[in-house]
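First comes one chain, alone, set out as structure tokens in the form predicted alone.
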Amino acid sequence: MERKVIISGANGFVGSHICEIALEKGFNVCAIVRNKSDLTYLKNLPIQLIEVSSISPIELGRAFRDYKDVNGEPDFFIHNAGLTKAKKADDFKRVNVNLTSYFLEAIKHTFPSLKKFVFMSSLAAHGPGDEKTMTEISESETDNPNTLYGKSKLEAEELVKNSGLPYIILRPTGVYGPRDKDYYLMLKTLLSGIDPQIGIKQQSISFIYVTDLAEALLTTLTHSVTNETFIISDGKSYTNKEYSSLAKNQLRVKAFILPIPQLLVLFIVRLVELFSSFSKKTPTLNYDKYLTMKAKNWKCSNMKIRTVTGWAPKINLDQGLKLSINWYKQNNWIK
């Protein structure tokens, strides 16, 4: 029996990988995108497109009714669209919270028989772990997000939980892999011969390779489990130095370790934000990012999803870095 899934945010880094893995698993995939979106990563995929001029209740309702007239109701909906960085605090509310509300309302009215709604959240919705005990973050702990991004994701999660739809919430840790631009910038910095290390105490961080995240999502989609929240990681943690060491080894470069005091980073962040206020571009380095870098414990457990669904990651950080770097080279992002 054909399984139909609609995916928001499908044309981006994570979304395009979800589309590819879903197709491999035999899903009928439909991507909902804005008009004039960059469809580079979708153009060769055998998927349907729902194009909208804006994400509004009226526009979504119309688009979903048009889809239903042709295809019937979808089995699943993956809400992957979201904003990870913004110039204005209100932008997180507008995109991560309000748009989630619009999707939920349109789905409830148009697709009442939906089997499952999967919301792509973030570990940021929980916030960093205890820096005294350095224990792993788990789903049983109280949420205390330390960034505007994390707070917006947590607020959106509450909307999902109260929607009445059968749901799954995923909280991935740092996602990396082919097409990613954030960790790519770190690799570019190492290639320049500089290995910046922020603060005196090392940060404990965790990762998930993008295809492992997509596999985890699709596992929860087809599994009988509903109304649960899962942290997604490869199950390991690394210090900043361990990450850069693995990256330098895969890049085959030597980079000068440059210690940077935390206060200097904050000063640089404020300068970047000041200058970016005169530009339309959103800077990668901002105060939210600073708070994320400042927190020392981002270790997390993936035991719940492994126990409940049987999913397990396939790619460790060293393998993932190799695959990512090869893709960047093949696509001329790095030489």
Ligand SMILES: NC(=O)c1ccc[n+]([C@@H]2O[C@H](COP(=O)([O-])OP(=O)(O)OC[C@H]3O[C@@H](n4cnc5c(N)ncnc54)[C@H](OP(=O)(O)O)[C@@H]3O)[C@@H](O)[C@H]2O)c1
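Sequential numbering from 1, following the sequence displayed. All values derive from a computational prediction rather than experimental measurement.
In what follows, reference is made to the form predicted together with this ligand, a form of this protein that is not presented.
For S37, a non-hydrogen atom is located within 4.5 Å of this ligand in the predicted complex, even though that partner is not displayed.
In the predicted complex, this ligand sits within 4.5 Å of a heavy atom of T84. Of the heavy atoms in G12, some are within 4.5 Å of this ligand in the predicted complex.
None of the heavy atoms of G150 is located within 4.5 Å of this ligand in the predicted complex. Figure note: of the listed segments 172-180, 69-77, 140-148, 243-251, the one touching this ligand in the predicted complex, with heavy atoms no more than 4.5 Å away, is 172-180.
Site residues I6, L49 and T110 are none of them in contact with this ligand in the predicted complex, judged by any heavy atom within 4.5 Å. With the partner removed from view, the residue among V95, V160, L154, L218 that has a non-hydrogen atom within 4.5 Å of this ligand in the predicted complex turns out to be V95. I55 is the sole member of V269, L291, I55, A63 with a non-hydrogen atom lying within 4.5 angstroms of this ligand in the predicted complex. Using a 4.5 Å cut-off on any heavy atom, the residues of 100-138 that reach this ligand in the predicted complex are, in sequence order, M120, S121, S122.
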